[in-house]
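What follows is one chain in structure tokens, specifically the form predicted on its own.
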Amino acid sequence: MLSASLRATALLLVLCCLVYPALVTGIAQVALPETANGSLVRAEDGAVIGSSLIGQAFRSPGYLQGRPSAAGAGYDAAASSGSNLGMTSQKLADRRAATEAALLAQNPAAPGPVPELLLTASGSGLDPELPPAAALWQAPRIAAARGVDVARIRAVIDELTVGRDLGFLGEPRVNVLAVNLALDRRFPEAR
């Protein structure tokens, strides 16, 4: 009886820990190689500079900034999580107010109030995308830092806005890293 149990355990170990993962990985590499390898974004020299699926912190005024991150110390992919603070939490209210004050100070020429998604972290804390309105709200600051007309920054954001999947799923969005790379190519920041 023990011998049969050990054979079954060994067989399931090989199937579940070796064969199945190798099969799924092989199918993914053939069907969706870019996605299977992490949707990595590379610089012109081939160096990996990020992933189109994981948000990053951009602090320079010449860059589009993403949503706040509650993942670890901020944008830590190894500690992906939300803040777990409830809507009635004073700590959450204080954090939101501080974020809003900082954004208003950094974006004095921005039109209207701060878009809500620039004040709240996503569930993973690693959201790489913004709604177009949140990106366009930051355009005056980016234009001033790069010394170009704000219409040119808005044009880049509009060009890189992705519509709803299949025409009806989700919301229009813009990838923060893609916009920042396009800005660097078209309007290099003064160093």
Partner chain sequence: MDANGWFQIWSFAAIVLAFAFPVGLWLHRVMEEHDAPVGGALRRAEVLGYRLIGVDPSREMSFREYTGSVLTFSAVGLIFTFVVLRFQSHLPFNPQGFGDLSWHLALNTAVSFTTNTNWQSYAGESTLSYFSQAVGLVFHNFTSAAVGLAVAMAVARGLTRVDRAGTLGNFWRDLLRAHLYVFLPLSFVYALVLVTGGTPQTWSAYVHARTLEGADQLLAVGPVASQVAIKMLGTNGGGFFNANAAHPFEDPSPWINLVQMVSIFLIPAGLVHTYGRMSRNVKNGYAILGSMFGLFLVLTGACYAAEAGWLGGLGNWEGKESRFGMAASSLFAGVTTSASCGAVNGMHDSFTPLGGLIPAVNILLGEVVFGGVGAGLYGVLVMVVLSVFLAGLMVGRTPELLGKKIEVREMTLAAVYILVFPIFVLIPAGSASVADWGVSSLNNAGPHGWTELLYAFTSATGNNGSAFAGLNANTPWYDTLLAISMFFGRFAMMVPALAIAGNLAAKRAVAPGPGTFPTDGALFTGLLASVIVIVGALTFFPVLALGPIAEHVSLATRY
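Here the structure is a predicted model, which means the values were calculated and not measured. Numbering follows the first chain given and starts at 1. Under this definition, the rigid core comprises the largest set of C-alpha atoms superposing within 1.5 Å between the forms.
Missing here is the form predicted in complex with its partner chain; even so, the following discussion is about that form.
- For residue 158, no non-hydrogen atom is located within 4.5 Å of its partner chain in the predicted complex, even though that partner is not displayed.
- Residue contact with its partner chain in the predicted complex: residue 142 places no heavy atom within 4.5 Å of it.
- For the chain shown alone, residue 123 is a contact residue for its partner chain in the predicted complex, at least one non-hydrogen atom being within 4.5 angstroms.
- Within this chain, residue 36 lines the site of its partner chain in the predicted complex, having a heavy atom no more than 4.5 Å away.
- No residue in the set 97, 136 and 149 has a non-hydrogen atom no more than 4.5 Å from its partner chain in the predicted complex.
- Residues of 104-118 placing a heavy atom within 4.5 Å of its partner chain in the predicted complex, in sequence order: 116, 117.
- After superposition on the rigid core, the Cα of residue 29 moves by 2 Å or more between the shown form and the other one.
- For residue 169, the Cα coordinates differ by under 2 angstroms between the shown form and the other one after the core has been superposed.
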